[in-house]
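Here we start with a single chain on its own, the form predicted on its own, put down as structure tokens.
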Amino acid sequence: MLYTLILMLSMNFHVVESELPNGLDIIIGEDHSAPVVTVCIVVDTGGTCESPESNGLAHFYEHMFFKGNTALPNQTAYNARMRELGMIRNGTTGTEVVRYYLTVSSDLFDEGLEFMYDAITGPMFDPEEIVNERSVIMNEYERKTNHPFWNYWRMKEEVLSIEKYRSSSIGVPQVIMAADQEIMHEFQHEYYTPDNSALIVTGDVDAEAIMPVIEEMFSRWEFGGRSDYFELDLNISIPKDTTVYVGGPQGMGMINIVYVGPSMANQQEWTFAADVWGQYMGRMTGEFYNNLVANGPFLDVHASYYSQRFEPSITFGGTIDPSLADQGLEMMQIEIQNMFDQGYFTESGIEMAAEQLRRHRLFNEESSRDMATETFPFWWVQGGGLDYYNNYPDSLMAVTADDISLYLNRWIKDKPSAVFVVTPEGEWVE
């Protein structure tokens, strides 16, 4: 088994990476500041892997993960075991990643690890529980459709997504209502395999001592080899300039101008300048804010790069009085062009933005639990591994004004954009 030792100086604990013969990536971070340990399973799946026939199954699977399995065959036994271990647990489903995690006292690590192993390898998908969770998920769906910006989210999918179903992790009612035990097992066999997953352990553990325990237990997880995650194409496209007037809540206007951004999968060299640029643009003392808010019609503005593998985007936006939406759109478009003027970005401002990002990373590293449930899963999936993560601070600090200029010319200048103007009088979609 391959072992790689990484010293995370900013966290003052070691991280060990390894890979089991069945393809499961192992990431262990030692942090002895508190007697707790967090175990997380991250899976390369989510809405982006789905088809029209499976749209919503990744989210449905998340609900079923916390039901009975071959070791704890019903909900009563499952809940009783959780109480015995005193665990805190949760799961999240996104468009590009799914993760499940639990935290227990470090003296119960072996039991917590076994609990996670049974849940990930032996789900039963009890038909009665599927029926129960179907109503829960449909309630979630209804709540989301009643959100004031549901119409805007749907319109973004219509305009930006190559395959619209890949952008919606909540799914569609017909798939949710049709899900059954057989369908869930099919989804499991395709994506819930060790070669498509990583096991992350952080906290009060000794990496050398627990590695044999992990290897003995998780080596029994059968290799799959059926996932298409890394064969998927980008799911964002803006072939020509498009402007859409979208129906929104009364009394509120919003403008978003979207460009295709660099993918974290194979265009990582552009993402460092993209992140520094986004941090720079967030300053309330910068020209973007002053021209559009302090001396303009907007209530607030933002400019950001959305770090994704399949749907990376660059967005300029802000809220505004609906009656001033057209004026605001024209001013924002002018301000975007102003970014190409010499002197718009200063070296001192860029250095400050990079330093703020570096400090933000240090803040995120204060909690080993957050590292297991947020940081490591994100970088392992979206960044394709921890090399990107470990090189990130130095790469940020190396960004210059010339790099920002190259980034803007590559991804924004003369590139088509999708404009969304949200007003109460805008168009509504079903």
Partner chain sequence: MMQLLCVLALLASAPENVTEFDLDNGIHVISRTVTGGEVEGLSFFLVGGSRVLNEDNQGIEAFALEAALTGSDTYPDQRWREIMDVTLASWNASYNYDYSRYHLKCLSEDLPLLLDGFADCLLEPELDSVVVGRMQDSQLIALQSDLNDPDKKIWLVANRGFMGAGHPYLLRPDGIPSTLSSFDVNDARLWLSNRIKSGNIVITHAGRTSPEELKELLEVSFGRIPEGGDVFPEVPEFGIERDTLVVENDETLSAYVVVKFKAPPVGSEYAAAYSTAMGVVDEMLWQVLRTENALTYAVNGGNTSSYQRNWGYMYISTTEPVLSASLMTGVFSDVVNGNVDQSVVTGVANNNRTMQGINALSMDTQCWMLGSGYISTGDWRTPYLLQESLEDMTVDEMSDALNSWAGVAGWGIIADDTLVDFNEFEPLPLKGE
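Numbering follows the first chain given and starts at 1. In this text, the rigid core denotes the largest set of C-alpha atoms whose superposition between the two forms falls within 1.5 Å. Treat the numbers as computed from the prediction; the structure is a model and nothing was measured.
The following text describes the form predicted together with the partner chain, which does not appear among the structures shown.
With the partner chain omitted here, the record of contacts in the predicted complex names 245 to 253 of 118 to 126, 245 to 253, 182 to 190, 230 to 238, defined by a heavy atom within 4.5 Å. Taken together, the three residues 87, 142 and 366 all lie with some non-hydrogen atom within 4.5 angstroms of the partner chain in the predicted complex.
The partner chain in the predicted complex is approached by residue 76, whose closest heavy atom lies within 4.5 angstroms of it. Interface membership of residue 198, defined by any non-hydrogen atom within 4.5 Å of the partner chain in the predicted complex, is ruled out. Proximity of residue 225 to the partner chain in the predicted complex: non-hydrogen atoms within 4.5 Å are absent; the residue sits far from the partner. Residue contact check for residue 33: one or more of its heavy atoms lie within 4.5 Å of the partner chain in the predicted complex. For the options 346, 327, 338, 356, the residue carrying a heavy atom within 4.5 angstroms of the partner chain in the predicted complex is 356. Note on the partner interface in the predicted complex: the residue among 266, 174, 323, 285 having a heavy atom within 4.5 angstroms of the partner chain is 285. Residues of 90 to 129 placing a heavy atom within 4.5 Å of the partner chain in the predicted complex, in sequence order: 103, 104, 105.
In the core-superposed comparison between this form and the one not shown, residue 104 has its Cα shifted by less than 2 Å.
Annotation: Cα of residue 147 displaced by at least 2 Å between this form and the one not shown, core superposition. Taking 2 Å as the criterion, residue 293 counts as shifted between this form and the one not shown: its C-alpha moves by at least this amount when the rigid core is aligned.
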